[in-house]
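Presented as structure tokens, the chain that follows is alone, the form predicted on its own.
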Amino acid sequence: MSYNCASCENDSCLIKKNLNYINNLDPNITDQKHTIQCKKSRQFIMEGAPVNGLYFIYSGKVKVIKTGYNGKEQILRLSKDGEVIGHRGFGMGETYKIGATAIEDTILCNFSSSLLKEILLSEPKVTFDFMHFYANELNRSETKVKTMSQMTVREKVIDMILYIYRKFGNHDDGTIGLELSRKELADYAGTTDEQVIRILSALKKEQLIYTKAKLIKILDLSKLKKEIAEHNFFLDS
């Protein structure tokens, strides 16, 4: 199966949406990328490993992680088709500051640092879009740090549920569309497994959600949104 950029359907991908400009440099330049097929649970970026360019998700889902001082894993974000992984390592040093693991079978397009530099130095439109992307990422990170520090543990868990639902959810039946363990939910919310289990149980008793094993289904979206509305925190990623 071909995974060339011309046949890619991820119109939000920074490479795909700028393909016409990139092809003006060399119609075959994107053929120099590497396509990687990752099985579920495979870690394709190791924290502290040498930078090997950027990864663009052709299809699948990925968790981006960072290890804290106490060795606890923190999930920084969950990514899907068309999104970029490893961008904070690009041009900033010799090693990745994060790790990344496929949470389902995933296909990745890897552009080496040298190939990306060639494109960015030659095509201003692509460079501008990357600059805009980095500015948005910085804004999201700063907003998340500020807002999460003001949230209670319950609010953090609700925010996590709504974040996953916005990004991966099935809006027809209310399921959040991504099966994560209680530990993974806790690693994203920045709390403990026990607190996540307790809060999910409380939300279930209040008939705001339904849970069964790893399945989470939202029963009352408006009430969940209302609980964290004062934080005005509805970022997509």
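When you see a residue number, it is the position in the sequence shown, counting from 1. Values in this document were obtained by computation on a predicted structure and should not be read as measured data.
Same protein, other form: the form predicted together with another copy of the chain, not shown, and the subject of what follows.
S.K.: Is Lys144 close enough to another copy of the chain in the model of the complex to count, meaning some heavy atom within 4.5 Å?
M.R.: It does: once another copy of the chain is placed as it appears in the model of the complex, Lys144 has a heavy atom within 4.5 Å of it.
S.K.: How about Lys80: is it within 4.5 Å of another copy of the chain in the model of the complex, going by heavy atoms?
M.R.: Heavy-atom contact with another copy of the chain at 4.5 Å: absent for Lys80.
S.K.: Answer for Asn110 alone: is it within 4.5 Å of another copy of the chain in the model of the complex, judged on heavy atom distances?
M.R.: Looking in the model of the complex, residue contacts with another copy of the chain do not include Asn110, since no heavy atom lies within 4.5 Å.
S.K.: Given that another copy of the chain is not shown alongside this chain, does Asp26 nevertheless sit within 4.5 Å of it in the model of the complex, heavy atom to heavy atom?
M.R.: The answer is no: Asp26 has no heavy atom within 4.5 Å of another copy of the chain.
S.K.: Based on heavy atom distances of at most 4.5 Å to another copy of the chain in the model of the complex, which listed stretch, 199-207, 173-181, 29-37, 64-72, is the contact stretch?
M.R.: Stretch 64-72 is the one.
S.K.: At 4.5 Å by heavy atoms, is each residue in Pro50, Ile158 and Gln195 next to another copy of the chain in the model of the complex?
M.R.: No, the whole trio is out of contact, none within 4.5 Å by any heavy atom.
S.K.: Scan 126-158 and write down, in order along the chain, each residue with a heavy atom lying within 4.5 Å of another copy of the chain in the model of the complex.
M.R.: If the 4.5 Å heavy-atom criterion is applied to another copy of the chain in the model of the complex, 126-158 yields Thr127, Phe128, Phe130, Met131, His132, Tyr134, Ala135, Asn136, Glu137, Leu138, Asn139, Ser141, Glu142, Thr143, Lys144, Val145, Lys146, Met148, Ser149, Gln150.
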